[in-house]
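First, one chain by itself in structure tokens, the form predicted on its own.
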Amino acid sequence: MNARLDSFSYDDAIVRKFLFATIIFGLVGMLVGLIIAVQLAYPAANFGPIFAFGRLRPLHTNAVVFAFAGNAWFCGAYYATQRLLKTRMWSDKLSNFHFWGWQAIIVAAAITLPLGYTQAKEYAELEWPIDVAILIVWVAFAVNYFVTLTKRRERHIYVAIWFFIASIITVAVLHIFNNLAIPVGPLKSYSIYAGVQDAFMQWWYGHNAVAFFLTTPFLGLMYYFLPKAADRPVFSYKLSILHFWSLVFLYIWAGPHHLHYTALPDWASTLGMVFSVMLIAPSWGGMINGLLTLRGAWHKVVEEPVLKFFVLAVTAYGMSTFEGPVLSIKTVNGLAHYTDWIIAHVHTGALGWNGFLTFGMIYWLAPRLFQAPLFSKKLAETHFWVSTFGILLYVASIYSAGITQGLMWRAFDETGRLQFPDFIETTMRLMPMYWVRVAGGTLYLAGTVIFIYNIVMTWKRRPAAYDVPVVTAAPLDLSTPEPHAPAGTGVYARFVGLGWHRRWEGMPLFFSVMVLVAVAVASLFEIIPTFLIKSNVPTIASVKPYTPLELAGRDLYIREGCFNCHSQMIRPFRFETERYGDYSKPGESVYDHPFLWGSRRIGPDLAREGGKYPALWHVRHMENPRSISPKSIMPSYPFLLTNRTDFDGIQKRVDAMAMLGVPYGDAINHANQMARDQAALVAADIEKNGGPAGLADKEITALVAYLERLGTDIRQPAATAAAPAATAAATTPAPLKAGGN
């Protein structure tokens, strides 16, 4: 036995930094969420272009996911890891680089997203320089973390660390492969994937960003802080092992269930559904393990606000991880997809699971980090009940809104016609529910303000100088062999007894490799057929690349966040084809970098928008939507009629698309002039029909050109469809319509 003891101290300064970042960005993210909730109920609250819904919505999601939840994870992980491994983090410099680098990334996101710089990918909107910065900061975090594992003074790594390891590894894999892109400028890029393949990669990333940024790391926090707060051991070690490995292996398959009934091959979404349904077992295993950890301590839940937060958080985890698999079932998805039901589901997890677990963790941490008693247990209790009531109002109203939407969209009257053919009829039915959501969000935010006040007042009670306890522990002695199962127990008994896993816990590098293998095998099984089997994405001869002006218009559409409200993917349901036109095909989006199928319909689908209305209609609609539809909740975009189109930048965008394999013929050499020529035609058509003059060099003409193009390729006559692909799209502007329906 090694008689030598090491003396060291824990780095709690880094934990305090992440704690303050968590509460600051939590307030910002929730405030922006409340603003966009108001904008949906009261469109006059859109103050464009920067403070319009389309630009603020990704700011809200990024602030809550990566700023609030991300900082909360890092806060808890730095505190728990040092104590579980009985060692200080390997490098204070890397810890601080991680902190300041992450905050710089958040600030960069807060600046660029409202300015319209976005990749248009859910949870991956940030443009390429910020993506590179994320990778650098993440590598620093990972190096610091894994080297710390090698410096540990405990042989075995505890269950919380398993979840942290899986999160660090998988988030890196997801981030790298989903964000591969060709830069066009300092803050503009195009995804290397297109259409179906881009959609698959995005939801492989998007679903697993939720899994490995909002679920697994917070399970790690649960496994550490809940037993600490309850002063009870985790209910079941074996259940922890089953929970961890089944979750890590199964979760990564589930992403394609977001793409049921789309142009994605059916086998992929079906496979995603199967694994999603299987996820119920490990997810509920984790919930049961958490709640049963409180056995014998339920009287404490009544007395301690911290445990109340933990109980509600774990319950919300169970609810959302049951609902997720249910929503993945195709028949349920057919009703729920594109509706507010999905929004309610997401917020049950974000507000209930992530939010309440974070609140409980910080309430537990604050007295220990600030070395002062919590300012007010009564305020913590008040916070719990105010925010709980806020969640209930929020999700009840939005679940109701989602089901209402789904049923109204698919309703037919006794004559066989759509009962609600005008999309705005459904929108108006939701207005009372949207206001209830605002009330619920206000209550949740009010609870958060109470929380911040309580924590700040606790911080003010801190001593003049923090006491830094010196900890002693024996260094890790790896010369002593790992104990094996008793002789004669047999291989089966050893496996069931999970002695093999106990040995893995003493080999963190091997453990990490096995996590990577589990994630990689599941990913490659879906990715390889999607990318290597050409017949999975059949082409359509009549589908041509966007003209240079249409490409510029598409980029404006992305800049204004129109994809946040409008889908471009008609599903093969009668109620959709009656309303929007023929269902969408895989080959329609082969030149779309990125894909814009959308995940929500606040407005109607636009996949067949081209030719439905004249160019002037689109001008009036963008200038003031209420001039076309008095009850519209869409923001106004009058600045598009005065902002000048960046014709000089169009050539670079066409060149980048050509690098990605888009057949751009003559446009490779004359993109600027071709865009100007088509803009002149669009502007002349607008003026001829009574619209404003002088729009040829304005952004509105590019956007109109794009909208007028949507869906027209597959409606072309057969003779036109046979035209040479390389030249027809590059030289012929989209059809201009003088009339509409």
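Each residue number is its position in the shown sequence, starting from 1. What you see is a predicted model; the values in this text were computed from it and never measured.
Missing here is the form predicted in complex with a small molecule; even so, the following discussion is about that form.
Proximity to the small molecule in the model of the complex holds for none of 230, 376 and 384, with the criterion being a heavy atom within 4.5 Å. Contact annotation: the small molecule lies within 4.5 Å of heavy atoms from the stretch 601 to 609 in the model of the complex, the single such stretch among 327 to 335, 243 to 251, 133 to 141, 601 to 609. Using a 4.5 Å cutoff between non-hydrogen atoms, residue 653 does not count as a contact of the small molecule in the model of the complex. Remark: residue 629 counts among the residues lining the small molecule in the model of the complex, judged by a heavy atom distance of 4.5 Å or less. When the small molecule is considered in the model of the complex, residue 705 lies well away from it, no heavy atom lying within 4.5 Å. In the model of the complex, none of the heavy atoms of residue 86 sits within 4.5 Å of a heavy atom of the small molecule. Of the residues 194, 124, 565, 169, just one reaches the small molecule in the model of the complex with a heavy atom at 4.5 Å or closer; this is 565. Of the residues 670, 585, 156, 621, just one reaches the small molecule in the model of the complex with a heavy atom at 4.5 Å or closer; this is 621.
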